[in-house]
Structures are given as C-alpha cells and as structure tokens.
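Only one chain is included here, represented as structure tokens and corresponding to the form predicted alone.
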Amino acid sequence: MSLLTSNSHSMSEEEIDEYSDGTVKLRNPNIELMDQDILYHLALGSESHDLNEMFGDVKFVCMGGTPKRMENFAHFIMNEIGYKLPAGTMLQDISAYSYRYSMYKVGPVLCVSHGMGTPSVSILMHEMIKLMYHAKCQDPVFIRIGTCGGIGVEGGTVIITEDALDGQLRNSHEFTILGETIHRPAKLDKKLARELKALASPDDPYDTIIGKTLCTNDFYEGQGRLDGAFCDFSESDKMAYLEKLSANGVVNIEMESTIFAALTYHAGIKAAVVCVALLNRLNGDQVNAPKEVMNEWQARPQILVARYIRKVLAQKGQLKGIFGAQGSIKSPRRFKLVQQESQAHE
C-alpha cells in the first residue's frame, strides 16, 4: 500500500532544506480544503483567531510535561530575556479553556505543556506544527525540557539527547496507521545538541552530557522497574537490561523523545531534547530526592535552554529590541476576543 511507501521513508536533507522561506510546511493537502482548522486541544482555530498576529513572531517552542513547570519556565525566560509585559497585565494561559494543555507566550518564546507519554505528546505536536504553519512562523526551534531516569549518571545531571531510541533500540518511532505498522526516523538536530552542550558552564555545579535516550511507553515495567503493580522479572534481569542499555550508549530513560523527534523531523523542524536525571537507575527505582532538591534540579535544563535562546537572540540583534517590547499581549481587545472564542470550544 502507498501508506507504507509515503510515510516510512527517511526524509532527506534536500527535503528539509527545500523550505527556503523558513516557514513550516504541512504534509497534508486536506488542511487547505477546510473552512477552518480547529486546533481543538489548544482552544484555537485558524479562522476564529488571527494566528499570524498572535504567534507569527515565535522563534522558540519550549515544551515540558506539566502546566506548572511551563508556567514557571515562562516567568523564568521572561526575566532571562528581559521581556516586559504592559503595565497592569500578567501572563495568561492561552489554552486555559481547552482544559488539556497550557500555553504561555513570552515574546518569541512559546512555553507549552505536553502531558506525559507519547500519545499526549503526539496530539500536541500535530496541533503545534499546524499552529506554526497557520502563524507563518519562520525557522521555529522546538525544545523539549524534561526529567528522566539516568543510567550510570547521578541525579541532577543534565542530559542532551543525541539519538532517541525505542524499546527495541531502534532510532525511530513506530506508528499504526490504517492498520499498518510504519516507522518514522526519530532524528534530532545534532548541531543544535552540540550548541546546547557548548553552553554548559565550567562553573555549573553539575555535569551536562550528550548521549542516547531510551523512550518507553510505560514508567514501570517498560523501564524495568521492580516497584510497579506488576513485575514478572528479577533484580538480576533488570540489571542485565540496564547494563545492556548502557553498553549501547544509552544514558537516560524517559517517555516522550521518539514521538517528539519523529514528528519534528517529519515536519523539517530543528529540535532538541534536554532533560535532568532525577536518579541513577543503576542504584534504584524510586525517585526520593527531597522536594527542594528536585526543584533545583528541574531548573537546570531551563537554565541551559535560556542560555541558548539569549545567545540566538543576541546574535540576531534582537535581544535589545525585546527589552523594550510591549509584551505578549499585543491588543487587550483581541486578547478578550481570543478568550471568548476559546470559551466557545469548551
């Protein structure tokens, strides 16, 4: 069938580079035939909202698991790039009325929660890629900021993903579409990974490394944990598995990287994954670091990503301009209309 042929091939560099204007192109001709493309899970629409006005200046899309983490990152990046909101306003959750994902805009930075696991990320990624298309964003960079379990690395270590691997150590993501199983390459931008690694400071009181990431569909059995509701393997089985992963260059385990990499690569979008290890899985299964320690660890990937954003904006001569900007709410009147339209999808 043509489905396998058209969707399972590896995208060549030529296919990615052909988007010379830098805008995101969709690989779906049906979108142009629709009266309106409703981004249902974001409470946005291509006709109900002026997506170009709202999001056309976005250069960085930063994603993380929980709404609170991304709200915190939005406030953090606001300070890091010196972005100022208009007097009397505050950051608003643009997708609040979807009751599914949270989204905050800080000038050229979009901060979005993606939930937990590949299905939740897949839904968000489809709609975020379409949002970039409708908004006519140029050369957006997607970065996932998350947490993970380390393999042979201590808690607090920042890990930049070099290759995203599935449970069978394949550098791809498996999809079932119309009953057929297909694979799409789960490739991340290695140049971007090196740029991020170069921004680690010798003064950082923790290590920042690059390595392979294992993406699983489960937190417990799928990651070889002994503390789930079910467990049909032994401690020695678990350790043999983790040692096999380590021998293959895997330094951490999480649950989102392959779908994130596969969909960004399929769309020709530059992307990276930056996580912090919450524990060394060779030493145990449960995350038991004190809350204040966990909070400090979770800030570490955000610090690295903020350094990258500042660097890029400074190189483009845009950092100074942002310091004098008027904030992410361009028009109070339009902002009110956006809220009303979002509520209509409740």
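Nothing here was measured: the structure is a model prediction, and the numbers come from that model. Numbers follow the displayed sequence, beginning with 1.
Not pictured, yet referred to below: the form predicted together with another copy of the chain.
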| item | value |
| --- | --- |
| The unique member of Val158, Leu263, Ile81, Ile151 whose heavy atoms fall within 4.5 Å of another copy of the chain in the predicted complex | Leu263 |
| Residue (of Met116, Leu192, Ile209, Leu199) lying close to another copy of the chain in the predicted complex, criterion heavy atoms within 4.5 Å | Met116 |
| All of Thr66, Gln168 and Gly224 with a heavy atom within 4.5 Å of another copy of the chain in the predicted complex | yes |
| Stretch in contact, per heavy atom within 4.5 angstroms of another copy of the chain in the predicted complex, of 263-271, 135-143, 87-95, 73-81 | 263-271 |
| 4.5 Å heavy atom contact, Gln36 to another copy of the chain in the predicted complex | yes |
| Close approach of Gly228 to another copy of the chain in the predicted complex, 4.5 Å, heavy atom | yes |
| 4.5 Å heavy atom contact, Leu278 to another copy of the chain in the predicted complex | yes |
| Heavy atom of Pro205 within 4.5 Å of another copy of the chain in the predicted complex | no |
| Residues in 70-90 close to another copy of the chain in the predicted complex, defined by a heavy atom within 4.5 Å, in order | none |
